[in-house]
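Have a look below at one chain only, the form predicted alone, in C-alpha cells format.
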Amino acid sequence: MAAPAANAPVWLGLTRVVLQRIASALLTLLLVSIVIFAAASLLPGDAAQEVLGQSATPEQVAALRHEMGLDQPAVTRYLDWLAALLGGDPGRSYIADMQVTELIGARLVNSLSLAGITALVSVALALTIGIVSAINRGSKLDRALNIVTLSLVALPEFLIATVFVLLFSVKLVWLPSIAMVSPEATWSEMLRSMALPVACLTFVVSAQMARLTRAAVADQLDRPYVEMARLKGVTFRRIILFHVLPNAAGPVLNAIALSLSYLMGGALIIETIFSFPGLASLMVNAVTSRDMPLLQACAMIFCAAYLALILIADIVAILANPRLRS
C-alpha cells in the first residue's frame, strides 16, 4: 500500500512541470500576439486607401478609417482585437469583405493536408535513414547518408524548390509547377498537384529529423545494456527492436516534434513558390493588400501551431528524461 504514496510526489512534480510549460507557452503566445499586432500596424501603406483605391478623396479615406476603427489608439485596437480573438471572432477581411474565418477555412484544410502528407512521408523516411545510419556507424553507407542529410540541412527551401521545378516540370514535364487544388479534384489529381510541394518540404524536414534520430539511436547503442545483451547471446535484431528503439523513443519523438515545427516556416516559402492555395499564401496576399485582420489571424495560427509542436516536444522530453521533471 506504500507504493502509490511513494509514486505520488513523482507524478505531482511531473504534473507541475508540464503545467509550467503550458503556462509558459500561453504567455509566449500572448507576447507573440503583441508583436504580430505591432508589426502589422507598422507595415507601410493604408488599409483604407487599399480598399478605396488611389482615386479616393481624403474625406472618403478618413471616413473609412473611422468605420474600420483605424483612427483609434493602438492599445485600444489591440485590446479589442485580442478580446474578439479569444471569443472566436478574428474579425472581417478589409479587402474581401468576408469573415476571416470563412477565408481561412478552406485554405487551412489545404495547408493541413499538405502538412499531414509531408509528415507521414518525412517521418517514415527520416526514421529509416536515421536507424539504418546508426546501425551501420562508420560504414560507407553511414558516411554517404551523413553527407546527403547534412547537405540538405544546409540548402534553403527556395533553392530545392527551384531545382525541382526545373527538373520535374521544365525538363522532364512529369509534374505541374503550380499546385492548384480544387474541391472537385480527384485524389490522384490532388496528389499529383501536391507532389512537388510535398517533396520539397520532405527533403527539408526529414534531413534534420534523420540526423537527430541517428544521434538518439547511436547513443543507445553505446549503452552498457546493449553490450550485456550481446554477451548473453541476444540477436542484434531483437536488441534493436525490443531494447534500443523503445529506449530511444523519447529523444526520437522529441526530434520529430521539433522537425515538424519547421513545417510552419517552410510552408510559407513553398506555398508561395508553387502558388499552393494554402494558409501561407493567403497570409502573403494579406501582407500585399494590407488586410490586417486576415494577416493577424493567419500569423496567430502559424505561431500557435509552432508553439504547440514545441510544447509537445518539451512534454515528450520530460516524460522520457526523469532529470527534467524537477
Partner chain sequence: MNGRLAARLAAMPLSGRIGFALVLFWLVVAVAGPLTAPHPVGKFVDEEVFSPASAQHWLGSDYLGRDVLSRLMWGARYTVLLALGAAALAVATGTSIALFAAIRGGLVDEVISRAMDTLISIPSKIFALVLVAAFGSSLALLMLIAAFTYIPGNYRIARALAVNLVGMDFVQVARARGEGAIHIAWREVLPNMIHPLLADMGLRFVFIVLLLSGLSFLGLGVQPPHADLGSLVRENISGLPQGASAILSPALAIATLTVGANLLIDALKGGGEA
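Positions refer to the first chain, counted from 1. Basically, rigid core = biggest C-alpha set you can superpose within 1.5 Å across the two forms. Everything quoted here is computed from the prediction, not taken from an experiment.
Absent from the display: the form predicted together with the partner chain. The rest refers to it.
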- Message: To test your reading of this chain, name the stretch in 240 to 248, 146 to 154, 122 to 130, 85 to 93 whose heavy atoms come within 4.5 Å of the partner chain in the predicted bound form.
- Response: 146 to 154
- Considering the partner chain in the predicted bound form, which of L260, V61, L70, I269 comes within 4.5 Å of it through any heavy atom? I269
- Query: Is there a heavy atom of R290 lying 4.5 Å or less from a heavy atom of the partner chain in the predicted bound form?
  - Reply: yes
- Query: Any of the heavy atoms of S24 lying within 4.5 Å of the partner chain in the predicted bound form?
  - Reply: yes
- Does the partner chain get within 4.5 angstroms of any non-hydrogen atom of V170 in the predicted bound form? yes
- the partner chain contact at F158 in the predicted bound form, heavy atom, 4.5 Å: yes
- Message: Heavy atom within 4.5 Å of the partner chain in the predicted bound form: which residues of 194 to 225 meet that condition, in order?
- Response: R211, R214, A215
- Query: F203: with the rigid core matched between this form and the one not shown, does its Cα shift 2 Å or more?
  - Reply: no
- Task: Taking the rigid core as the superposition reference, indicate whether the CA of I301 shifts 2 angstroms or more between this form and the one not shown.
- Result: no
- Taking the rigid core as reference, does V287 move its C-alpha 2 Å or further between this form and the one not shown? yes
